[in-house]
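The chain below stands alone, shown as structure tokens; this is the form predicted alone.
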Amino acid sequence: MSAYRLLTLDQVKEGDELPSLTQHVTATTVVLGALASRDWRPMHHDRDFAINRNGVRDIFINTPNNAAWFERFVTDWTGPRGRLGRMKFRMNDSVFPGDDMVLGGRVTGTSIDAAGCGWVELDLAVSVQGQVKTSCRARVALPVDAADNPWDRHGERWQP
């Protein structure tokens, strides 16, 4: 049996900073993200199109790939029992090959709903060279104790 991090609600408080994640973006990062989401638009895989038709410096990360990076960032922090409830983000600028994107965030609140599910509210961001490229707000369920598992919640017990 492998050991994994079990983050519970009582270990989290408002103002906590999440450990940052830095990822060097390559053309492969961009193209594979677009392929995985079946996004065939050329600005995500055709450099000539991106530069000459869209007027940007290179191909760039698409919306579903951006979402996937946020999801990975949150679940790396929570461990396997963390369950994303909601996520809303705003892309302000593009992330290109050659960029070092830094994902960071902080806890903005914690609560337990009427069904007994523990919730953490997060403010997250993808930054490149200190400039926020995408901002995000997320709500993630955490176990209230070692016996709880948000993935076991369904129907009325799961209200994201």
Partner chain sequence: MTDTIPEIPPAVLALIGVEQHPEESTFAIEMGYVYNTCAAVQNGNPLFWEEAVARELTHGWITPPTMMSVWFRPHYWTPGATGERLALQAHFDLKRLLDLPEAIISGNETVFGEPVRPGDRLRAHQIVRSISPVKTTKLGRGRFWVIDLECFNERGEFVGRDTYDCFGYRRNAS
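Just so you know, these numbers come straight off a predicted model, no measurement behind them. Numbering follows the first chain given and starts at 1.
There is also a form predicted together with the partner chain; it is not shown, and the following applies to it.
Colleague: Is F96 near the partner chain? Define near as a heavy atom within 4.5 Å, in the predicted complex.
Modeller: Taking the distances in the predicted complex, the answer for F96 is no, it never comes within 4.5 Å of the partner chain.
Colleague: Although the partner isn't part of this model, could you tell me whether G33 comes within 4.5 Å of the partner chain in the predicted complex, counting any heavy atom of the residue?
Modeller: Output for G33 is yes: heavy atoms within 4.5 Å of the partner chain.
Colleague: Could you confirm whether D46 comes within 4.5 Å of the partner chain in the predicted complex, counting heavy atoms only?
Modeller: Output for D46 is no: heavy atoms all beyond 4.5 Å of the partner chain.
Colleague: Looking in the predicted complex, any heavy atom of G104 within 4.5 Å of the partner chain?
Modeller: Although the partner chain is absent here, G104 would stay clear of it in the predicted complex, with no heavy atoms inside 4.5 Å.
Colleague: So in the predicted complex, are K13, D16 and A114 all sitting within 4.5 Å of the partner chain, heavy atoms only?
Modeller: No residue of the spot touches the partner chain in the predicted complex.
Colleague: Since the partner is left out here, which residues of 142-160 would have a heavy atom within 4.5 Å of the partner chain in the predicted complex?
Modeller: Going through 142-160 in order - heavy atoms within 4.5 Å of the partner chain in the predicted complex - the hits are N149, W151, D152, R153, H154, G155, W158, P160.
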